[in-house]
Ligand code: SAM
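First, one chain by itself in structure tokens, the form predicted on its own.
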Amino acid sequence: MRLRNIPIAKETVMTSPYCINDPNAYKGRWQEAFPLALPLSVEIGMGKGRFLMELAALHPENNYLGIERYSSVLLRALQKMEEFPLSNLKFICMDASDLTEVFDKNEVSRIYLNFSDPWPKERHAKRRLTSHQFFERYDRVLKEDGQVEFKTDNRDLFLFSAKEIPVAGWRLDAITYDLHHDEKMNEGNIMTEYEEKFSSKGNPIYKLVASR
């Protein structure tokens, strides 16, 4: 369960040099938020930041932005960044539905979705980050050759996601129903906190890559 009520979280996020507190102001000029103008990748629902911090450390040739809705969760990532600062990584505390208000057309190279909230009730399907409604948002901010990568341990959400991609007018570039036993797709895989937890229990991890 996500932590949502740590008293110092909001103030810490507001004052942290690693957070962008007015992301709308950077729309169309996100390269100005970083020391170097490099291709930009975004993780939506970044949680405590393990995945994105490892990715940013391994790939200094890219800039990275982590989006997290809950300040109490983002606080954990900020604490890690204070210990191991990375110049090519920034965070935003915001709701993913505001994506097109923050990023301009062709501004993002890749989007990562890791262990997203499954929103299991059918009436909430449009809130799922892999719904066709969200893919329409991704279409408006990704570069022409941009991709979306999605990982989950939730089979129902994964099956839903695979069906939504053609509905949104996208295509599946790669798909696996057991990532950790798929030699090709698991190459270079960086595990999230949830991934390590679920896979240690023997749960298969599902992954797909989509593009237009």
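It should be emphasised that the depicted structure is a prediction, and the values quoted were computed from it without experimental measurement. When you see a residue number, it is the position in the sequence shown, counting from 1.
Not pictured, yet referred to below: the form predicted in complex with the ligand.
> Would you kindly say which of V73, V102, L142, M81 lies with a heavy atom within 4.5 Å of the ligand in the model of the complex?
Residue within 4.5 Å of the partner: V73.
> Considering A168, I67, L40, L55, which brings a non-hydrogen atom within 4.5 Å of the ligand in the model of the complex?
Partner contact (heavy atom, 4.5 Å) among the options: I67.
> Does V108 reach the ligand in the model of the complex, with heavy atoms at most 4.5 Å apart?
V108: no contact with the ligand in the model of the complex.
> Check M94 for me: does it contact the ligand in the model of the complex (non-hydrogen atoms, 4.5 angstroms)?
M94: contacts the ligand in the model of the complex.
> I'd like to know if V148 sits close to the ligand in the model of the complex, meaning any non-hydrogen atom pair within 4.5 angstroms.
V148: no contact with the ligand in the model of the complex.
> Are any of the heavy atoms in L129 no more than 4.5 Å from a heavy atom of the ligand in the model of the complex?
The answer is yes: L129 has a heavy atom within 4.5 Å of the ligand.
> Heavy atom within 4.5 Å of the ligand in the model of the complex: which residues of 46 to 61 meet that condition, in order?
Residues within 4.5 Å: M46, G47.
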